[in-house]
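Before any questions on binding or motion, here is one chain by itself as structure tokens, the form predicted on its own.
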Amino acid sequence: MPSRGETAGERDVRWMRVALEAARRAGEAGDVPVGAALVEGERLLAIGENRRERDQDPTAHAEIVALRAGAALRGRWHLEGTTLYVTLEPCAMCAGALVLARVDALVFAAADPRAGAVRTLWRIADDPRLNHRLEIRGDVLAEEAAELLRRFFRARR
């Protein structure tokens, strides 16, 4: 729930800025700049940033890093009551992990035309055939997140 005087949209922007800062750190460390913030109410549970290159781990996406840290902090893998903010639309692995962890809501910035699995290519996180579905909001600070990615890949070419 939003803090006093803050709309839900303003809250989404505030937490997405936390995820964007994690994305910047990932990019500075040589990983694709994707960041995530796992939030419970007004409490930041965990921050994740893409760590695939640093950890040489194909599963070290920002979402997975944040989910693991949040589950460790809670002492259980069920993450009901949480919202994950992420700078790029989750892939199939991450969307599946969000469903399995029972995260309540997902807020993402930029759509991912190559691997997006919550709106663009598939709809894993709210598929009615699964035992859990997430509330999904997209396009929060999308241009800022997309520009981070564009600059990162331009610099690599």
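The first residue of the shown sequence is 1; numbering continues from there. If you're wondering where the values come from, they're calculated on a predicted model, not measured in any experiment.
Another form, the form predicted in complex with a further copy of the same chain, is not on view; read the next lines as being about it.
Contact check for Leu130: a non-hydrogen atom falls within 4.5 Å of a further copy of the same chain in the model of the complex. Shown alone here, Glu28 lies farther than 4.5 Å from a further copy of the same chain in the model of the complex, counting heavy atoms only. Although the partner is absent here, Leu44 sits far enough away that none of its heavy atoms falls within 4.5 Å of a further copy of the same chain in the model of the complex. Contact between Val32 and a further copy of the same chain in the model of the complex is not found at the 4.5 Å heavy atom cutoff. Note on the partner interface in the model of the complex: the residue among Ala110, Val118, Val39, Ala97 having a heavy atom within 4.5 angstroms of a further copy of the same chain is Ala97.
If you check a further copy of the same chain in the model of the complex, you find no heavy atom from any of Gly9, Arg17 and Arg150 within 4.5 Å. Annotation for 79-95: interface residues with a further copy of the same chain in the model of the complex are Cys91, Ala92, Met93 [heavy atom within 4.5 Å].
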